[in-house]
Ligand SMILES: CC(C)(COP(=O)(O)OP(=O)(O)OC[C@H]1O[C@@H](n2cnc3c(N)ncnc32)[C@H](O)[C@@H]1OP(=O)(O)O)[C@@H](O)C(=O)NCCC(=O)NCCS
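Just the one chain here, the form predicted alone, laid out as structure tokens.
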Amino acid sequence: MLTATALHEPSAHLVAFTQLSVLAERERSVGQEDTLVLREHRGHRLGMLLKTANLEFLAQDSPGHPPVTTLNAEENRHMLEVNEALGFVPMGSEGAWKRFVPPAV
């Protein structure tokens, strides 16, 4: 797992992170896992900076892996735009359904 973090120096707190799941088998894709920026630190492009740094480190530390894959909720337009800016392209979609059963009367 490659993890990049952002430290807020005045408070000494970690305020953002992103992770790549790198498997030992070089033929298997790398998974772009969670990216989180604390609400009060959003709007400074920390997610984009961390993802970029982690992808650059991956290219140096583990060259030869196939493309990186990631998942996003369609309603998370901000993160979709971040991923699109980093060169990710859609390769599929998934839907989930929920049925509410009214209580018996």
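Small disclaimer: the values here were computed from a predicted structure and weren't measured. We number the residues from 1 along the sequence you see.
Although not depicted, the form predicted together with this ligand is the subject of the following passage.
Enquirer: Partner absent here, but in the predicted bound form, which of 78 to 86, 20 to 28, 92 to 100, 6 to 14 has residues with a heavy atom within 4.5 Å of this ligand?
Expert: Stretch with heavy atoms near the partner: 78 to 86.
Enquirer: Taking 58, 63 and 66 as a possible spot, do all three reach this ligand in the predicted bound form with a heavy atom inside 4.5 Å?
Expert: No, the whole trio is out of contact, none within 4.5 Å by any heavy atom.
Enquirer: Do residue 35 and this ligand share at least one heavy atom pair within 4.5 Å in the predicted bound form?
Expert: Output for residue 35 is yes: heavy atoms within 4.5 Å of this ligand.
Enquirer: Going through 46 to 78 from first to last, which residues have a non-hydrogen atom within 4.5 Å of this ligand in the predicted bound form?
Expert: Stretch hits, in order: 46, 47, 48, 76, 78.
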